[in-house]
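The data below hold one chain only, encoded as structure tokens and taken in the form predicted on its own.
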């Protein structure tokens, strides 16, 4: 290990040859270890900047890609074309490193500029030994210019390192100390994080009147949904539409389950308008979901049905293209603009506070709703048997979603650690119920695709696929009962009681 830490100085003027020709004094000499190299680079990340938030940078220069991470060797690859998704890369190492972080999101350029970097060895005159090393790293574009010199010590040469450091202090001013000089640090130093897209948020006052808090939260959810509209119109990836729908679904659910917080006309108006905006998005989402799962579905079919499945995929892709155009036109239409304005106007109306329910503090209302919803899930869930109709299992899933929305929308009103425990316990149940519903939806979807086609190979492939999915759904059904028993266990009830402590009566099933 070196005797001391590296030292850094800011690069005020980019002069890579600043220390040449005796700049560090006659007794010190520089030897080029890696000559100055300047590259035009583009920084790539997804819409939420997941790589940046995970302290990683995907840098593209021509066809060269580098995934940079602190204290790790860069993962490099040469790629033809412009890979958009993690699975588009040909480098297995890059695919593995990106897949878990990007999931279904597409890469987009978030910053472009020029990076200059170089390394020198520093020797004492007349001595063959290298006593320390010097690095230059600099980023520049039309609006930013930032970089650092970094002096790196070598074991056993503390005295020489201190001598070089004092000389550099005289040339560049006093050092900034030990800094993690890499491209991520330089870009963070340029306040790049300020440009990161963030969800729209509002601060909840736990004592605010329910009408005020619910209307404000609906407004916030609708505004946040708007962040995803440009991505839908550009058709960047399927997650823009998914997130748009989730935010609107939360808003609609909130309006429904907080009955009494808003006046009846206001509640009915918002419910109708939100449904009107969501309705044109359903078809494209169904088609996206199927295409995202196509490899799994293909693996369920024997070779004899592969050609029929290929035809099905072609049909679904064609339908998806048409559905995407239709939705894009809708989102750019006066109809959508007017509906959006109506929602915002209605949610933004001054509070009337005309009923006791609308006046009660929001934390009291939400506590009651969480307690009520949890009891209902346990009661209905524990009543499920092998003979219970699928529709009732579907209804249980809807109730779980409503509880999850309450917990997440109003999460800041509660202890974070307790809230996390409840959500963790909900996860298995929701996953099973979600998959159970997805299987039912996909069977209906496939039956519709078969009915639209006269191709016998396609119809045979679809029939085979429906049979396999039906069996998978039956197997999953057996897990619903065990998952609900786990969620309704006394341990979960105790956590719910802790979450709502002192505000409501203990939760009785």
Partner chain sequence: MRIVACYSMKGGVGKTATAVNIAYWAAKSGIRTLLIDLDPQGASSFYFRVKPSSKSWGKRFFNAYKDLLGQVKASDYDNLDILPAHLNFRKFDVLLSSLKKRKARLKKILSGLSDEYQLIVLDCPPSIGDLSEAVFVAANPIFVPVIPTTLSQRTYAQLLQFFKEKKYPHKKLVPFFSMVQGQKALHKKTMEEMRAQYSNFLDAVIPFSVDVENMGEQRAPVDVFARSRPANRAYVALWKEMVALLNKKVK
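Computed from a prediction, not measured in an experiment: that's the story for all the values here. Positions refer to the first chain, counted from 1.
What comes next is about the form predicted together with the partner chain, which does not appear here.
In plain terms, the part of the chain that comes close to the partner chain in the predicted bound form, with a heavy atom within 4.5 Å, is 151 to 159 out of 257 to 265, 75 to 83, 411 to 419, 151 to 159. Looking at the partner chain in the predicted bound form, residues 123, 129 and 133 each place a heavy atom within 4.5 Å of it. Of the residues 33, 37, 474, 27, just one reaches the partner chain in the predicted bound form with a heavy atom at 4.5 Å or closer; this is 33.
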